[in-house]
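Same protein, same chain, two forms; see structure 1 and structure 2 below, as structure tokens.
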Structure 1
Amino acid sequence: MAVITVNEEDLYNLLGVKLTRKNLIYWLAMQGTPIEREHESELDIEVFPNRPDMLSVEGLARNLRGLLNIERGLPNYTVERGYVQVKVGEGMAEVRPYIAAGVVRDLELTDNFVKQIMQIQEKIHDTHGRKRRKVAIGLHDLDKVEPPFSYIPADPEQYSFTPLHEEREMTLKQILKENEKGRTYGYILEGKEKYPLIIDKMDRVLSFPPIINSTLTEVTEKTTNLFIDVTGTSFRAVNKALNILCTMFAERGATIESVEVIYPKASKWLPNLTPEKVTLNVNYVQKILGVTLSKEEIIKLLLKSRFGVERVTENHIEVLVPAYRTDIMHQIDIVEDLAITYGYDKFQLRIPKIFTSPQRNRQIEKINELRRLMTGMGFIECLTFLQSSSETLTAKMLLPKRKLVEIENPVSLEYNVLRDTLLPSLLEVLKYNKRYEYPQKIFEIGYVIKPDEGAETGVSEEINIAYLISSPETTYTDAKAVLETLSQILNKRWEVKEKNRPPFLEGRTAEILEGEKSIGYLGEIHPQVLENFELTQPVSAAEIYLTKTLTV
């Protein structure tokens, strides 16, 4: 989730109108950029990942001007033909294949603007850029270096330069090891023989993407001309990022100038701000929204949504999509923008009459009856997590090590496996409740997960019931009494067979059998187990494999 901070006044300046804060917050929410927090002069605003073009106040204002009917249609940006070239060296395909580049001139850097520039870089890196792996941006003071530039695969030890915020020259290898950014993003270059590097005519280093820029091209308040490089693994993604940045600068009055990016086999003039075309079906709009909109109304909404409109036929509208939009894959994406512009709060709610006969899940119904039966016997229902720890499931229960379903990236060691038995979680519950009066009678009906090679997902998911009675006097008899009741009411012929098994006490535990089939265990919990769970009151308990016995 990306949250950006904008200055309220700055936003009003870019909008060209001033709103009350309440009104502003409403419109921000209705365009899909809800407020996250309010400060005195600033607002934290959430931007959804499909709209990186709104990761700056400039982008937000551009969209909002349409919604507020201040400015309509496709934003018009001119790209002047420049002279800067970027030559892509042979072998970049294996290192970091794509680079897009552009130049912006006549910048007037204000504090707010600088903050937005830093912010959008960071946010694009995190979201659209997939933590710089897919897209990384570098901004440079163009006047400090001499084009043409080269994007080359460099030997990690051959080149050295002074990275931003460092005071000495370092080799690329050193940077990955010793510089903070190098350590953070170095994994992206793991296993590469060569590292990507952007150098100027004089072999001076501008940037070591996606890690860090050189101090040489550091942008300061005196910078007026910028060179933008965007490198990454997706041609489309790097170009979209370039488009977002260039148009953002243009929103502040800068001039966009194109750069010729020369790949070994082709060359392109970038940024390419030519809008893409999507055909919108008028009937489709109505079918999805459930609102009768005339073609003219649709066109009006399109323009307010900052789309361009071309070639209108009876049922179709050719929609021009701004080059900074990354999210339009299908006409449904345009329909959503229309709905947002129309206003989600203007739709009249409706419930269709679609007859369908509700079907209850018989297993769930049966289990729900069982839950009520347990409460009828005075047991309190508990709800615990499926995630547990291997320590709790084995050592603490005196149970042998066995194959458990393990989590590769657990939240913590406390939750590194999925439980295959309910009893441990319920013993934890008793531990939590030690300060309350006894007897305590608890139960849970829940899933247990075990490895199962034959299953689709490699695991079996079964439902167990476990019940525990903790009191100074409880014995095996208490657990058996409940079992008798369950057996009778479920119309089962359950029998017990003496069999020792942890976590129960030898000679005071039995296996529950349905015919030949083992369907659970009951008994008194072993004092060692009680000690492991820091319990001081005796516990009698049972766990029954419901999936194995409840036929529905």
Structure 2
Amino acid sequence: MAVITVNEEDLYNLLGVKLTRKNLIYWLAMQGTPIEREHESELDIEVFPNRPDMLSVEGLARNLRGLLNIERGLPNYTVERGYVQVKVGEGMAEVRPYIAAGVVRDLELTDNFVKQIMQIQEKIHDTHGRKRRKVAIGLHDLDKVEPPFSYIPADPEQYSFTPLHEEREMTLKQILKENEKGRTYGYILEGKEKYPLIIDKMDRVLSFPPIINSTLTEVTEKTTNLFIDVTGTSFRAVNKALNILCTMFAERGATIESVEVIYPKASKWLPNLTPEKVTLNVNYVQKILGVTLSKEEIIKLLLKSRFGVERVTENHIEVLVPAYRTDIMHQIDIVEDLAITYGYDKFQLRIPKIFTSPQRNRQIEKINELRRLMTGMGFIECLTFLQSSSETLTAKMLLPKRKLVEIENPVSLEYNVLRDTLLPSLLEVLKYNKRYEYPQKIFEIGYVIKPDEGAETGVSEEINIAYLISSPETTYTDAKAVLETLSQILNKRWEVKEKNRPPFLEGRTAEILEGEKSIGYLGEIHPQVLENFELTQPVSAAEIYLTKTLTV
């Protein structure tokens, strides 16, 4: 949960009405943003990470105006066509591929507004932006620079500028070593030969994303025109972040102006605040909520939830989703909003008309025992994404191309398939933790997904365990020793038989057998794989197919 601080009087001004503190607390809780702490004139409010549009007082007020029936329907924001351009240089796909940009004019910066700007930037970085790795925001005084701007891959020693809160010019390489923000976020650029940079027509530096801005474009109380850049690894994510920021400024009366972002093969005018469309099934709403609502009642709830309604048929409603919403991916997400607007306190408690006999799942018990064994041997458990990339699962692991479960319309090439092995995910964890002390011992117990034409869904789910040991001295013997300990404690007759298989080093790998059944592999990770994951220390590892061996 993210916690934001808002000025109570500022919130009332944006609402257009003044509530009692008790009434305000009630409505904030009803919309899923409860009060964590009360101060004399400020409130600390919890916001779920899936609602970054409410990480500012402007977003909170916008949503509350709907719940309180002050405003209804899709918020209307006008985007004027601007003249500013951002040209994306060749080679940015390998550095930091995506940038979105916009211009905000006619700003009137008050103390409360400046605090909200700084706060939402920080909170989006930490949540939606995954600590700046996925999304990073730069805000600039537009009047101090001259467009068009360029987003380029720069040599670490070629450009120098004075970073914010510094008094001397520094090269990009120096910033990563000597500047506080550089030391904190420099790991994001590890392994990159070129660094991302935004410059203006005169070759002056605006920003070194995702690290730090230049003092040249520092925003002050005198700033009236703002240039916003949002860079990252997901096109959808950077655009959603831009939409959130631009609509936030529009709530304060500022003018939004579009920017032409020119990629090597296409150009886009951003921000694009065109609403997305989701078809809502009336019967589905009634089934999920457990209450009988007419189409007219559902439409009223939609409008109070700040959605738009475009077309209504006998059993379906075409819903317009605001461009600043990042969390609406299925009609169930809209139904959740309808439940909030309807009021959780209005639902009647009912005992489900089913009988269940509670008992422990034996397989889960065995897996939990396995977790305790691994942590007892000094391993740290990891939880990584089920999604991965086809390149990571094949080329980076020296494995041949094979049929994987693909994600339809993926928002990022980083997550375009579902994993069928755990090892790549753990190698990624090592990659991002190289700066910590060795040896590093990590493990994961998780699902892998494989195509299965015989299954009803076309895929099969299996549970694997994988573990890695990274240190200057680790060898095949270390991975085998862990396996032998597990087999003894679990009372399993596991044997190993030498068999070469990527991603392991030839002659230093083996197949794990239970009788004649293959249940996994272990060995030393091949040096080329280590290089592919930007690792500098040897790694021994194993992956065991628990579904095949943990019978109940």
Partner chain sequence: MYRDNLEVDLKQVLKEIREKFSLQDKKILLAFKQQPHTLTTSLLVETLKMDRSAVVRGLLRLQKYGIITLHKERIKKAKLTGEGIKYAETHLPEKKLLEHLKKIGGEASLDELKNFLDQNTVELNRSLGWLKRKGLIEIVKRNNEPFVRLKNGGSEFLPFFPEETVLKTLWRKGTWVELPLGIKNEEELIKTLKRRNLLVTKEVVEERAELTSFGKELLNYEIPLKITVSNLTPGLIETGKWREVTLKKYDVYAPVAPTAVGRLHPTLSIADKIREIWFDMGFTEAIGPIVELAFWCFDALYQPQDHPARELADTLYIKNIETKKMPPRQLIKKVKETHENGWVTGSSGWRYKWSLSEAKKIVLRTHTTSVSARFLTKIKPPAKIFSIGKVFRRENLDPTHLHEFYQVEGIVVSESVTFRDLLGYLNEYFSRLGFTKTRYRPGYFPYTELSVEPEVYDPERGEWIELGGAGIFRPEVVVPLLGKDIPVLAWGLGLDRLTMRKYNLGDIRFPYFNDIKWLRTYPI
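The term rigid core refers to the most C-alpha atoms you can superpose between the two forms while keeping them within 1.5 Å. Throughout, residue numbering runs from 1 along the sequence of structure 1. Computed from a prediction, not measured in an experiment: that's the story for all the values here.
Compare the two displayed forms of this chain and pick out the form predicted alone. Here the form predicted alone corresponds to structure 2.
Looking at the two forms, how many whole degrees does the smaller rigid part turn against the larger between structures 1 and 2? Value: 60 degrees, smaller part relative to larger.
Report, to one decimal in Å, how far the Cα of Thr356 moves between structures 1 and 2 once the rigid core is superposed. On core superposition, this C-alpha lies 4.0 Å from its counterpart.
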